[in-house]
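Here you get one chain, nothing else, as structure tokens; it is the form predicted alone.
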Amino acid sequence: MTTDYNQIAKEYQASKLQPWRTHLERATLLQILGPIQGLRTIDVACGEGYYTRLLRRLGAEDVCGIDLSSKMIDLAREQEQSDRLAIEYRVGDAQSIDYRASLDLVFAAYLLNYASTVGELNAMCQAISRSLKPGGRFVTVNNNPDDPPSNFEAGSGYGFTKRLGGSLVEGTPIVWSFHLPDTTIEVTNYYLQKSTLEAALHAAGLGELRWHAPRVSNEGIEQHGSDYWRPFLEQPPIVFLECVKRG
């Protein structure tokens, strides 16, 4: 059930423009990141480079975007041609990256939730860790393992829903459906408990783990009102995480 992003590259690009992704997802990530001027950075599972470009505009240096989908990388490179930001894009597997402890920041908007087994998760975390300098940070947003299946339809008011592909045990698919004006696309994540994620990160040498709930931007409140965001904030379908490479 692995998602073939080559088939939905442009549609997934369009899904990044849904208001919740701007006013909750992006806003929270920016708050967690803080100042990143001059940091050597990679964006893993970068897709068409939405966040890669944002990281560069915020002042990150030597920025590289990596994604398994060649079509996504094609879209990212097309945008680099029309709006040159000195970003390198590569087709690559998150489980095999190795920057030899040279990076200040590894960023990933949805990565760990693509691990369907503990073995895959461990490989991702080890790759992240070996790429970071001691003291370097990993910042990510992930499907929220604590979001109960009873809440999976609650995102319909924001343009998405989730469904469970079996019993809620580790490795079970969780399928996100993004409802766009002209079509619906599906993206498959996998359920792994927070404790499993934490254990893999700790085993890879990443500590100071902090989980963050989503926060709505002031612009989001101004445009849609506080009541609009309340269901999302009270039972978040996504969760944010930061941790630090131990010395």
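If you're wondering where the values come from, they're calculated on a predicted model, not measured in any experiment. Residue numbers run from 1 along the displayed sequence.
What comes next is about the form predicted together with a small molecule, which does not appear here.
With a 4.5 Å cutoff on heavy atoms, residue 211 does not count as touching the small molecule in the predicted bound form; it lies far away. A residue is said to contact a partner when one of its heavy atoms sits within 4.5 Å of a partner heavy atom; residue 16 meets this definition for the small molecule in the predicted bound form.
Proximity of residue 5 to the small molecule in the predicted bound form: non-hydrogen atoms within 4.5 Å are present.
When contacts are judged by a 4.5 Å heavy atom cut-off, residue 69 counts as touching the small molecule in the predicted bound form.
Contact here is defined as any heavy atom lying within 4.5 Å of the small molecule in the predicted bound form, and by that definition each of 12, 94 and 110 is a contact residue. Between the options 106, 87, 174, 124, the residue in contact with the small molecule in the predicted bound form by a heavy atom within 4.5 angstroms is 124. When you look in the predicted bound form, the only residue of 55, 206, 197, 45 with a non-hydrogen atom within 4.5 Å of the small molecule is 45. The candidate stretches are 69-77, 132-140, 161-169, 148-156, and the one lying within 4.5 Å of the small molecule in the predicted bound form by heavy atoms is 69-77.
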